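This document opens with one chain alone, in structure tokens, the form predicted alone.
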Amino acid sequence: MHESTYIDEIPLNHRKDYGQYFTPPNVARIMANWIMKHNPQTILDPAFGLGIFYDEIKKINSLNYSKFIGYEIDSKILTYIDYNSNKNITLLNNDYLESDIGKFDGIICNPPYMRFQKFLNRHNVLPIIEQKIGKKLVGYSNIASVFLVKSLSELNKNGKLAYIMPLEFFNTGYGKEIKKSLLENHLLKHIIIFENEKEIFPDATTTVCILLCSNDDKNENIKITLVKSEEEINNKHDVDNLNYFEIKINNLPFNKKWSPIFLSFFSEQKIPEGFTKVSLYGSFKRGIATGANDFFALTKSDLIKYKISNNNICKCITKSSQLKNPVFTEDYFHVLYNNNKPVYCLDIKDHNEQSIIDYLKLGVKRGVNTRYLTKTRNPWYRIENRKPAPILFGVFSRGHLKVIRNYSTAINFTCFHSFYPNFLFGGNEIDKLFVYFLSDIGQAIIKLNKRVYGENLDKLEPGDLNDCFCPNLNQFALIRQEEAEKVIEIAKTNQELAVKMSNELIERIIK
């Protein structure tokens, strides 16, 4: 292994272009032990890199009787290794996705991490793989999932597979068919999740897990392991020695997000009795996607410079960083406006106004009208018709989830999701729902539905929030309206105290 030398000498952009993130030896050792359990005669590594899996497998049995084939598309990285004297290994400087090399007893891989749209040869590769596996791969957004699908189709009877995958794969639309195949064919045996992935995978940009599969057609419970520290990996080289929960295949629906199910095993927070889904009261929707925020978001000086009148703009929260406190008011909006923050959005009503004609010409000159979203609209500068939402939820967060009680008349961009209540929900319940969202208890329950990314970054989609649980109407009635209003008033200046007060109110409901 020459990882440190390679990283020092090879530019980061080159490594990103090839989606290269290296596997720690302690993780590779666990995966190698899984692959070697039944003495495979043939082993494949579809993304060989610097050869960490080969090195660990060789330590187990010196590869005296196994044939190892490694694929590596990057010719530069191959100059950092030398396995020419090893007769049992064949290294191919080719694209694995274009290969057709039969089946293997063992497949082990840390696939490249990049969006499939960045893979230049995808239009040639997809039809070949689709024909081989008999499935359409349209919509697969990460190349790692395409690697996995192909490898699963190349696994011999009783063969074993060990793959490193992004954890978000379990929650995506494109992951549904893969999960269905893993379950129906009884391939999936064990999932290892890393709680502090930065300790073990310091270069990872997303939270990762290990999939361990076996093509033995045994209908067995699936094991779930949460690794909390690197020490656990260092001390236990065999998966059989890891602590785990078991879950029946029927309790892992392929068309549901799996991360919340996994997290429920390891979280001390459980759904209190009587709680109902947020979707009973309304729905969260994505914020407005303009396709060109730099053109549509306007400051006070922009409005003066381009002479844009009030009838062609609307108040708008354009960045998450604009909202520091959990309560947003018209007064604070004017503070942002006077500080020249971009808190207005172009919303054209008078197409004949000369200043608008001139500003649109400027947009065309900049090519705004030809961007991905704008070119699909007619006219290209039209934005969605939205009303201000009383509750906003931050898309990304670290630690405490960002929730806002919005008293302003501002709409919002995609930095926030917007909650729109239905006819069941009145103004009083909106305040109480906000109190619940603000509380530590509410946030712990909501986080059961989160998507986890690298560096402890949490992401929530509108559907994730709609599927979260919250008190029912009878339970909310245990909170007096004046109590909820007091929390909101305190939250304007002291979020920590407001959270503490929220906790006390929600604990009353639970008790």
Ligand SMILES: C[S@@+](CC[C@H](N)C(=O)[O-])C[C@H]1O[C@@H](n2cnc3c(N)ncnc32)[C@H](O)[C@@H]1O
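Not measured: the values here are computed from a predicted model. Heads up: residue numbers just count along the shown sequence, starting at 1.
Here the subject shifts to the form predicted together with the named molecule, a form of this protein not shown in this document.
Worksheet item: Though only this chain appears here, would residue 287 touch the named molecule in the model of the complex if you measure heavy atom gaps against 4.5 Å?
Response: Output for residue 287 is no: heavy atoms all beyond 4.5 Å of the named molecule.
Item to complete: Answer for residue 72 alone: is it within 4.5 Å of the named molecule in the model of the complex, judged on heavy atom distances?
Response: So residue 72 counts as contacting the named molecule.
Item to complete: Answer with yes or no whether residue 329 is in contact with the named molecule in the model of the complex, where contact means some heavy atom within 4.5 Å.
Response: No, residue 329 sits far enough from the named molecule in the model of the complex that none of its heavy atoms falls within 4.5 Å.
Worksheet item: Hey, in the model of the complex, is residue 45 touching the named molecule, heavy atoms inside 4.5 Å?
Response: The answer is yes: residue 45 has a heavy atom within 4.5 Å of the named molecule.
Worksheet item: Among the candidate residues 342, 175, 166, 111, which is the single one with a non-hydrogen atom no more than 4.5 Å from the named molecule in the model of the complex?
Response: Partner contact (heavy atom, 4.5 Å) among the options: 111.
Practice prompt. Check each of 359, 413, 393, 147 and return the one that places a heavy atom within 4.5 angstroms of the named molecule in the model of the complex.
Written response: Checked against the cut-off, the match is 147.
Worksheet item: Counting only non-hydrogen atoms, which stretch in 177-185, 103-111, 208-216, 379-387 is within 4.5 Å of the named molecule in the model of the complex?
Response: Correct option: 103-111.
Discussion item. Residue by residue through 6-36, which ones have a non-hydrogen atom no more than 4.5 angstroms from the named molecule in the model of the complex?
Written reply: If the 4.5 Å heavy-atom criterion is applied to the named molecule in the model of the complex, 6-36 yields 18, 19, 20, 21, 22, 23.
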